[in-house]
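Form predicted on its own, single chain, as structure tokens, below.
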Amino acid sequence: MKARLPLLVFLAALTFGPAILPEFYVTLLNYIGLYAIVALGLVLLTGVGGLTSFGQAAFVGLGAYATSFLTTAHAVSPWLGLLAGLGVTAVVSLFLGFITLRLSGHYLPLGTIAWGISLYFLFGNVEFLGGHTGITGVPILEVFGWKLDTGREFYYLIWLVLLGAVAATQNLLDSREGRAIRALKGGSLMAESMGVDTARTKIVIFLIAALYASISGWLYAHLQRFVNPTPFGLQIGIEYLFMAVVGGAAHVWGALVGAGLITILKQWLQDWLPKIFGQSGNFEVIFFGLMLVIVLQRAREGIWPWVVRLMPAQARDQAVAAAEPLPRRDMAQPGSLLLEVKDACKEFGGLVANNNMNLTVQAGEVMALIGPNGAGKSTMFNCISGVDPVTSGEVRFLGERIDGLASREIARRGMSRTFQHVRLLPTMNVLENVAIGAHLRGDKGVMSAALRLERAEEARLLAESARQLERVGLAGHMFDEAGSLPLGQQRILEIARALCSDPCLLLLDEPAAGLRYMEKQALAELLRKLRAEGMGILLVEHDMDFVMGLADRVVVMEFGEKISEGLPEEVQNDPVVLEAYLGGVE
């Protein structure tokens, strides 16, 4: 109860504040609420998803102009105006998203600036939208016959919408779909290999952020009862992003903190700075620019983490609820063919990384792929798992040709992998990192997550993640941040994540790197158990003692080609291998 006291006090202040506050402060709170709705979308899009957008003000304009035009020119109900605004925004944002989200690096924010400016000038130059004068006479909003004709009455609607959006966003992030969104920051390679459709996930959060902005625009239009292009320009879009960053771009409640702080500061500075400098001007913009530089240097996570430190600590749930086990795939019969690579070549421009590679992996077998650094082993892994498709040749898995499939589709068929360089989400706990591996074993969507209708499935996914952590010996670290683990345990964590997808073929890229002797022995014992269950394992490793004591067969590569294949003892005594890899022949 003590941990929830700040939230209860906040809600009580929101409820009774308008009854005692002067009109000016109620108006200020209304604008804080409107801005926070937009900033909340940016938390999801930019802070969590890692996609920077400067154009959210344009989506606010779409919502505002849609309802203003329909209600004034065609006497349409404001509630139908809301639906129309959401519809228009959805169509426009999907179109812009499909174009813009193909960009990466600095090109993505530049793309959002481009269409943000375009929509702003569209609002100001279309005659039926009133040009730069705008639209006046927007009707008063009614809720069950209650006219919201004053700021005090409108206040409750704004904050109910905002708190509903906060709850929906938190629910979404605390779900299978939410982990897919958070996985975007870990890079598309890892997420796609775990079965996440990253292109779809990016479109989803782009759409949600746009719809939040559109709802804010609808509320703004009926609060102000007129619209013109001024509040929907690029500068305001930058302010929205500024609010999210200052409040805490990766934290849901940071949107409220940032919107409140920037709105209040802006009002105060507009009053004070002209008096200090003795002339009028947009001096607050200079102040905000300096403030952003300081925040980025001193508090990159924003202000919200500081606020959290001042609150009573919340007790964390240190247990995973029991749930019905997830269905498991049938393992192939030991000795049956799982993987066949035939005459595979991979070229990068003029560089041939793999040349006429041939290998097979059977069920219930550990196949080791060894060779000097730069031999092309990891490239071969990427070709097999669909990260970098082969230039020529074939890759077949369970009898099906997969060399033209995306890595998420290959993962869905029963292949999972780890990475040479550990790819985890360091600020997420160990349990959630492993649960990303179970993404393809669930099917509940965004709406179910936002409305918290997928709790039964979520419990099953987390229970499966906990089972895999016990399987690899990391159950004691289940609720630790993944980034706090030593490198060796992080590699074991990656194996648990791969196992969580229920594979029949496991690709391990240097899993023993960084492990101590006893940890290597435990890993070898785990892999033997998996082999005994009928799982096929393709292993890349430099630790020869580890490989030779575990592998059933060994393939040796040099300069992208296979130079030897056979039993471990045969490969160890092969003069070609000794010359190329194991120290030469005397």
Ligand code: ADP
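Treat the numbers as computed from the prediction; the structure is a model and nothing was measured. Numbers for residues come from their place in the sequence shown, where the first is 1.
If you look for the form predicted together with the named molecule, you will not find it shown, but the lines that follow are about it.
Contact with the named molecule in the predicted bound form, defined as a heavy atom within 4.5 Å, holds for exactly one of G374, P426, G399, G137, namely G374. Between the named molecule and the residues Q267, S378, Q170, Q489, the one pair within 4.5 Å by heavy atoms in the predicted bound form involves S378. Although the partner is absent here, A456 is not a contact residue: none of its heavy atoms lies within 4.5 angstroms of the named molecule in the predicted bound form. Though the partner is left out of this view, F348 does reach within 4.5 Å of the named molecule in the predicted bound form, counting heavy atoms only. The named molecule is not shown here, but in the predicted bound form it comes within 4.5 Å of a heavy atom of Q420. Among residues of the shown chain, L474 is not one whose heavy atoms approach the named molecule to within 4.5 Å in the predicted bound form. Stretch-level contact analysis of 402-410, 114-122, 281-289, 378-386 against the named molecule in the predicted bound form, using heavy atoms and a 4.5 Å limit, identifies 378-386.
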